[in-house]
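Only one chain is given next, in structure tokens, and it is the form predicted alone.
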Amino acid sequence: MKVSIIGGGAWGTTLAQLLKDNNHEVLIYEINENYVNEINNNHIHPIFKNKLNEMITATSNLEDVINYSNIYMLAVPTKVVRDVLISMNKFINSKSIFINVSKGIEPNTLKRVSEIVVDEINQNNLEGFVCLTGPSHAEEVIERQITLLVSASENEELALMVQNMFANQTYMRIYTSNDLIGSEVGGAVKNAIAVISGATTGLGLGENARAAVITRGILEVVKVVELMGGRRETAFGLTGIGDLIVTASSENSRNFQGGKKIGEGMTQEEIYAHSTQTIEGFRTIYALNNLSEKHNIELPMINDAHEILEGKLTVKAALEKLLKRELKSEDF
């Protein structure tokens, strides 16, 4: 099977290697010419410098990758997804399948990636959408370390197809789910909680505080999943709590690292000045704060994180504010 991969960064190139391990053919579209050269000429992962299968190739020509297959794996930051889809739609002229592997919610519209795809791709050319998500660090998958993911779609046949495409008996197990909303939302919200977890670490707090953030963060994940139409139980699976654990407790997580730098006193602008990689959690915090205001629901940690990013609260002041909240029973 041929797969066109849109985005040749950390995750896109890593999943290209997985697909090649499973005997599929891939072509990567990437705008960074240095990445393209690393993949094509040196057969090296552009981020992690692992050796790649020499049959993995990349191009900076979007039309070429669109014509390569009718299965498109979206592996670009969510902030550029809409623009990328608008560009793709100009060249797509047949029924196509979209597999999204990025995690986020559009702040202004509060739309999930599946909804953005429906907005921007000609409906005559849209066969279906699958979200491939779960607890996964690309730097472990490129090393072929054991990982479990979920193939979520409203179309059971497509969920099963993607399950079989990506499952590898050596290191990758894939489950299916028909709760597309819950799977997409859980993966997005956990990024925001991971930023908060990192901020407590940057402030110098210990494992107790991190455990508290993760556990209470689950409640905020559940609230958002249910509000947006997903199932509560999905938030307690791989795409919710599973993804939250790996992202909110690991130095390998860019969201955790971004939050850690916030806790150490850096601003968003200073962080991005020293990093080219997108921190989805920052953007998701803005989206969820907008959601909270729109629907008048309380998301205490998310709301305070928004104030921190806006420079209206320090991390220390936000934690003091949370600790001073009215005492109550633990309720899920």
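Nothing here was measured: the structure is a model prediction, and the numbers come from that model. Residue positions are given as counts along the sequence shown, with the first one as 1.
Omitted from view is the form predicted in complex with a small molecule, to which the following refers.
Contact check for Glu30: a non-hydrogen atom falls within 4.5 Å of the small molecule in the model of the complex. Looking at Phe282, you'd find every heavy atom of it more than 4.5 angstroms from the small molecule in the model of the complex. For the chain shown alone, Arg232 is not a contact residue for the small molecule in the model of the complex, no non-hydrogen atom being within 4.5 angstroms. Under a 4.5 angstroms non-hydrogen atom cutoff, the small molecule in the model of the complex has Pro77 among its neighbouring residues. Contact annotation: of the candidates Ser102, Gln257, Thr201, Ser151, the single residue with a non-hydrogen atom within 4.5 angstroms of the small molecule in the model of the complex is Ser102. When the small molecule is considered in the model of the complex, only one residue from Ser114, Ser96, Ser136, Ser177 comes within 4.5 Å through any heavy atom, namely Ser136. Here the chain stands alone, but in the model of the complex its contact with the small molecule, taken as any heavy atom within 4.5 Å, falls in 32-40 among 260-268, 32-40, 298-306, 49-57.
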